[in-house]
Structure formats: structure tokens, C-alpha cells
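Here are two versions of the same chain, shown separately as C-alpha cells and labelled structure 1 and structure 2.
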Structure 1
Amino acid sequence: MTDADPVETFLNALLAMDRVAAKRALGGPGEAAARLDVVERLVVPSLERIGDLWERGEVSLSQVYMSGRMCEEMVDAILPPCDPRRVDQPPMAIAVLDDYHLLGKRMVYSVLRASGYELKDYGTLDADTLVSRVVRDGIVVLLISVLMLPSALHIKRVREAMDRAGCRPFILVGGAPFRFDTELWREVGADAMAGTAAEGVTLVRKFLDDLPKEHRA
């Protein structure tokens, strides 16, 4: 008899909204240091698979939402926001631009936090408010999620307004319009496009790896 796949076990616990089983899959409370690696091997792929299941209509919105919340709670217990083992990073933020479909943003936010990153969640904003928040907070990495093409096109206005304000964050975009037109991210002035939450983590990590240390604070 073979052991169950750890990712499958954790994934099933999330979909059942069973906090006890999910915590058990991550390990006991006395194993926090060792569990950091487990978080990356279990939490990130599980959330990514839940996103795929949602795209195929095989899970409910409540399962997606609760899975993300449960993962955030468990990661915060292992690695609190003030913990020095958190990823060394500059100010980061995520927002939905002129849309009210928050699922994609929630997935990316959960996966990034599960990977050790801290970021501000701006929720849904219009272009002018987003620019003012980014300038005020000194954001260095900005993730923007959109659902509709008109919202995607507004990103160009966001970039131009930030340029005029002397603010040049790394802009990573995602959402359906960018999957349909793989060159659209360039047209709106973004720096990169992520097709999935896991790809978003990879791109953020690569950008931060190349960022001079003096720009991280």
C-alpha cells in the first residue's frame, strides 16, 4: 500500500474546509523551521490546483475563498509578518483595477503570502486612486489584476500618471485579457505578465533577486 500524495491530502483538506486536517498535513507545532519548506511544497501547488479547478468549474467560489483564507492563517502561524525569516523585500501591493471580480487577485495574494512575501491589498480601485496610493506608499512592486479589456487598457493611464509623478514601480499584470492577447501587457506599459499565480511568484522572485539591496527597504 503506497502513501497518499501529500499535495493531494492537503488539497482535499482545503476543499473540505477542514482546518484540523489541513494543519495536520503541514506538520506539528514544534516543527516550524522544517515546515517552511513544506509550505512551499504543499501550499503553493495546492492553491494553484484549486485555481485550475475553478477555471474548469469543478469547485465553488466558497471553496476557493476559504482555501485561500485557511492557507494565509496557517502560513501566518508558521511565519508571522514580523518574523525575520520573511522574504527580504521592498514595499509591494496588489490591486484590482476598475473591476469587482476579486478571485484572481485573492489567489495571487494568497500564494505570494504563502511563499513568504508581505504585500498591501488595495482591493478594487480606479486608476487615479491606485496611482495616489502607490506614490504615497512608495510601492516598488505593483501587481494589477483585471477581468475585462477596458480595465486592462486603463493600466496604460496608470503607468503614464506614475511616470509623471516620478514613480516607476515594477508592474506585473494578470487576468483574462492578457491571456487572450499575449502582447497586451507590453502595450499598456507593464513590465511583465503572469498567466497563473505560481508564475506570478516566480516573476516577483526574479525581479527581487535582480534588485539592488539598497532598494529593498
Structure 2
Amino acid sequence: MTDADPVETFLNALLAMDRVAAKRALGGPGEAAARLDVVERLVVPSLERIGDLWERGEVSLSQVYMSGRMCEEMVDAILPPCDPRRVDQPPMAIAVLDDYHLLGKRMVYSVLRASGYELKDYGTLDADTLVSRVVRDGIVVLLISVLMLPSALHIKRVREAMDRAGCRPFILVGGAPFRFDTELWREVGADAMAGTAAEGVTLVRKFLDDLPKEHRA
């Protein structure tokens, strides 16, 4: 791949945290409406590649975070939150269970929004509050981020309580404990685990693609 490759140019600007170069690579503001496809053509593949590089230990979490944040800002400028051209989807939400370390959730939220999805941000919740919100909002895709092992283990209680309430969302989990024990997500009753924010987007997309049309919003 050469520097002239648009994805590589955009990617390098993101990793260098160079907003000006990144905006230049996406195209000028005047052309934005006509260039909606840059989200699919540049943003999504770049964030996927950054996720792969993070997985291989070749970029740092701060670069992943700043890239996601910059992309989210740029995509919001092109595609405002209520734009009907955002992805048509059933209700989705993201939450952090039990602690105030919000970065992982923030990264997934940014990358999903930068990929054209909308989702509710529940912030930090305990297990009981999370269950009642999910039931109230009819959430179909629930993303849960944790930092600590005990919080990861508490997801099992969330799943069991939602089962009792007759609510069965697709639960996608992520965070350090799942990276260090790749069996843990099954143990806590999740449907999938994402090692990176970009992988989270891929898994959400796949789930939504497989979802029968009548179950969408």
C-alpha cells in the first residue's frame, strides 16, 4: 500500500492525531453532502485497520481513542445525529457496568456513530438499573463495557434478570477481563465479545444483517 492510497493517508492522519490532515483526506466541507460514501469508503475501513493494529499491539489505546473521537466529530459534521441516512436499526444501547472507567464504552460509542449507527448511551449503571432501562427501552442490541473482573462476572446477573423479565437482547461485551480470558464472555451469558471497537461494529452489523426485517425498528 502506498502513501497515495486514500485509506492509508486518512489512517496516518488519524494515528498522528492530525485533525487538519484527516479532514483534508475526507474532503472539503462543501463537498460533504455529496461525499457521504466516505464513511463507508474511508472511515469504516480505517477504524477497522486501527482495531487490527491495536489487536496486534502496534498502536496504542490513546491512538485508538483519539482516532474514534476525531472520526465521530467528522462524521457528525457530514451526517448529523438525526439524519435519516443513518443506518436503519432497532434500538441499541451501550453501558458501563459498575465503575467510572468510561473509556472503552466511549470508544465503541464513537466508532459505532462514526460508522453511521445511533445508540443510547446509558453511562455507568449497576446491574438492576441496567436491566430496567433495557426492558423499558425495548433494547435489541446491548453493548456492555467493563474494566474489572468482578464487573464482568456481574453481567451474568444482568442476563439472568433480563431472562426473568422475558427480554432477550443480543449482548455484546468488551473490556480488559475479556481480553485476558477469552472464555469469559460465554461464562457470563453474553452472545459475543469484541476485542476492539471496530470488531464491535462488525459484530453489530452482522447481527443486524441476520435479523429478520420485521424485528427492526
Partner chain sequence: MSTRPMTSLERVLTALGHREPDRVPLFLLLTMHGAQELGLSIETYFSRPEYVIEGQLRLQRKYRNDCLYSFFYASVETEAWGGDVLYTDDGPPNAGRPVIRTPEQIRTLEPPRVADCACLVKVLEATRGLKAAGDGETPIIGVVMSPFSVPVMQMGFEAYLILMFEQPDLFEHLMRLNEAFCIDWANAQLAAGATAICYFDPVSSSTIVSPEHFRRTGLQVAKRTLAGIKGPVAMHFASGRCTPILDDLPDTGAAVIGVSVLDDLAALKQRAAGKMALLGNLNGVEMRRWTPEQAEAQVKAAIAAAGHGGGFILSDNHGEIPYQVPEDTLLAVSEAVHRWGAYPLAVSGERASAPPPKVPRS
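Numbers given to residues start at 1 and step along the sequence of structure 1. This is a predicted model, so every value here is computed, not measured. Basically, rigid core = biggest C-alpha set you can superpose within 1.5 Å across the two forms.
S.K.: Only one is the form predicted together with the partner chain; which?
M.R.: Answer is structure 2, the other one does not fit.
S.K.: Using a superposition on the rigid core, decide whether the Cα position of P45 changes by 2 angstroms or more between structures 1 and 2.
M.R.: For P45, whose C-alpha is compared between structures 1 and 2 after core superposition, the shift is 2 Å or more.
S.K.: By the 2 angstroms cut-off, has the C-alpha of L11 moved between structures 1 and 2 once the rigid core is superposed?
M.R.: L11 C-alpha, core-superposed: shift of 2 Å or more.
S.K.: Rigid core fitted, then: does V64 show a CA shift of 2 angstroms or greater between structures 1 and 2?
M.R.: Superposed on the core, V64 moves its C-alpha 2 Å or more between structures 1 and 2.
S.K.: Give the C-alpha shift of E55 between structures 1 and 2, in Å, after superposing the two forms on their rigid core.
M.R.: A shift of 10.2 Å at the C-alpha.
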